[in-house]
Ligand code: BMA
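Coming up is one lone chain in structure tokens, specifically the form predicted on its own.
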Amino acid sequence: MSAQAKPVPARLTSAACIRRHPGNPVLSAKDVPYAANLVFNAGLVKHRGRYVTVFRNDFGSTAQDFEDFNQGRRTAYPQLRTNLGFATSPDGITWTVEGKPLPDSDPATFARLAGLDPKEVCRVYDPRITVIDGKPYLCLALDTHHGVRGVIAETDDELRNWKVLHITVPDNRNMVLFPHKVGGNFVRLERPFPVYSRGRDRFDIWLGRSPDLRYWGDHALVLGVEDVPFADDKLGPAAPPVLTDRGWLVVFHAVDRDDSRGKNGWEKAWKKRYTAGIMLLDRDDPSKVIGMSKQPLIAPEAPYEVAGGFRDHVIFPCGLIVEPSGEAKIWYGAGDAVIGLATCHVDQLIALCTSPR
């Protein structure tokens, strides 16, 4: 496999079957009854007759704060803090946000739950939710003073009372659990950060297996950056996989880099563009890719995806639910600022996965 960067098309177009919800964004800071600036990268699941989300909430600085810094009108770099919010919905479109953040997402509280030094924990963020045998589990990213770590926690129907089962060594994140065991084992997708061996951002999608959600091994490479025509920087898991009669349907995020990009969002410079991809994994051996679209499933096109966000030109899929009707609902972070919803029939998504890796 070559580690050389490859050219990426200048314009990446969403698949024709994708329909963005006309009310997008469906969840944003204006819906949150406490301090909120950026609401994005959520975990979503349909559980016990309702839609449930745990979303990332960044707060404490505004676009104007960053603009003032970029223009030299303030000397201190604006700081964003992070907590996790909880919301429910009857339809996945209209959300009721609880009146305060989830208490276990507080860094000091999480450190106590995980048996970590409170001085070591910086923030907990980017949640994903998977229901296994009727019980919800969270995958989380954990920033520490010694690197980024992935977390698996058992929780209850209200996404409270976290019980931390596993924390990876640095650096790993974007973990998602499969909703069923495969071959008697729990399975997850993940994205390690092999900067030294790969030379720069060349992050790929890997798979791990566990007998008990605590101890993980039998790791295998699933998809490399070089296998995706619309990526030249990194890949990562997005929403938890969905089992279909053709295999495991998986949405993933893919990143291309253009060093000529200048100011793009709140930051002074942002050189990356995030898109969503779609692939099928073998039902019995999900380390094997049996089909993948060679074009993005969703690329930044709508106004709230390409401009005005913390980082522009960002699509980060984070929830996939297939309804009994066959309608597939895909929630995604847009511009690292809001949450959007797109739909497509599951058969159309599967049909896109015609090309082998």
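None of these values were measured; they are calculated from a predicted model. The first residue of the sequence shown is number 1, and the count goes up from there.
Here the subject shifts to the form predicted together with the ligand, a form of this protein not shown in this document.
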- Partner-proximal stretch of 63-71, 308-316, 324-332, 30-38 relative to the ligand in the predicted complex, 4.5 angstroms, heavy atom: 308-316
- Task: State the residue from D232, D104, D126, D204 whose non-hydrogen atoms include one within 4.5 Å of the ligand in the predicted complex.
- Result: D126
- Using the partner position in the predicted complex, report whether Y274 sits within 4.5 Å of the ligand, counting heavy atoms only. yes
- Quick one: does R149 come within 4.5 Å of the ligand in the predicted complex, counting heavy atoms only? no
- Task: Please run the contact check for R173 against the ligand in the predicted complex: heavy atoms, 4.5 angstroms, yes or no?
- Result: yes
- Message: Only counting heavy atoms and a 4.5 Å limit, does any residue of 54-91 reach the ligand in the predicted complex, and if so which ones?
- Response: R56
